[in-house]
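The chain below stands alone and is given in structure tokens; this is the form predicted alone.
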Amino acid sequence: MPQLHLRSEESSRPTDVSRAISRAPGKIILAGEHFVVLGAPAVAMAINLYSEVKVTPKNSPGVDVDADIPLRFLAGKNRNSGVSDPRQLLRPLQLAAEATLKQVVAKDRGLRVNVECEIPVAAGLGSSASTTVAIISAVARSRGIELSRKKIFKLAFIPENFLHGKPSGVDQAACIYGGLIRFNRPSNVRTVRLEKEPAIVVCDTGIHHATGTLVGGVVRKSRREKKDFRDYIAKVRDISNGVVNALREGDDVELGVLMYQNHDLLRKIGVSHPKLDHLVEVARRAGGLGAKLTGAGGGGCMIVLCRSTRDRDRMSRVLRREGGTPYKVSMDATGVESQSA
């Protein structure tokens, strides 16, 4: 895995910084991606793929960022991901650290941020949100401050806006709060209590994307096709609310039906990909209760709802034979965590 470095140009004098560590989960979206930017609710679940951050003092001024980030997508056919220079990935991480220092009134910087991310980048699993959330938490902790989740959420918009334009905030919320959430807007995040955890397989197509480009394209399309999108938003609102009810009641059959419906809508607005559609259909034929793309689309990952945790092994083998890279994930219940080191 490549090691990336970004050095600050700050000239201020460094002060003492305590060591701190944090981690934040990735996420999947069970319903509502893209349409959440247009006002519909989304349902997201934090998953047990993590970004881990260590903050340490350094003898020179400014904020330095080192990162181990999965960058396989930069090769060959995946150059349409929108990242021409891998160091572009580090600038929002540096912004997250700097914004946190300003929030905690730490004028002198003098710290090093090391990031280890096991979440595939630009795959719809919240890698950028997870890393920025973990950085914010760790940098504040290094200054002896434990930020509230609401404050972390607010600060996370600074680097996410830099990276994605105008994100909805659902990724940050899932990575911060953990568990399963219903997200309508930043001021309306609700935890969903589950009857049982769904048995999910995540499958990576290996084709990655620039989230901001895809989101911007949907917003422009919604302005051109206002009537159609009013209908789509109404349908997604029903789907997301139905997903919440199905999860609360443990009704996997209904949950799966709604996931297939959501994927069809995402395909209609043009954010799917032939390989995503193929894997969704493969999952359907193989007995998956539900399947859909997750995240921005254009490649990235899809998710499959399986009949049981035992059935996930069989589904994973099926998807791997079709060229996908499956991950058997479980729900992360805690969200972002930090401690002094």
Ligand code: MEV
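Quick caveat, the model's predicted, so the values are computed rather than measured. Each residue number is its position in the shown sequence, starting from 1.
The discussion below concerns the form predicted in complex with the ligand, not included here.
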With a 4.5 Å heavy atom cut-off to the ligand in the predicted bound form, the contacting stretch among 274-282, 48-56, 303-311, 34-42 is 34-42
Exactly one of Pro167, Gly110, Gly206, Gly179 comes within 4.5 Å of the ligand in the predicted bound form through a heavy atom, and that residue is Pro167
In the predicted bound form, is there a heavy atom of the ligand that lies within 4.5 Å of any heavy atom of Lys292, even though the partner is absent here? no
Give a yes/no on whether Met315 approaches the ligand to within 4.5 Å in the predicted bound form, heavy atoms considered. no
| said: Taking the ligand as it sits in the predicted bound form, is Val65 near enough to touch it, meaning that at least one heavy atom pair lies within 4.5 angstroms? | reply: no
- Might Val215 be said to contact the ligand in the predicted bound form, defining contact as any heavy atom within 4.5 Å? yes
Looking in the predicted bound form, the residues of 268-287 with a heavy atom no more than 4.5 Å from the ligand, listed in order, are none
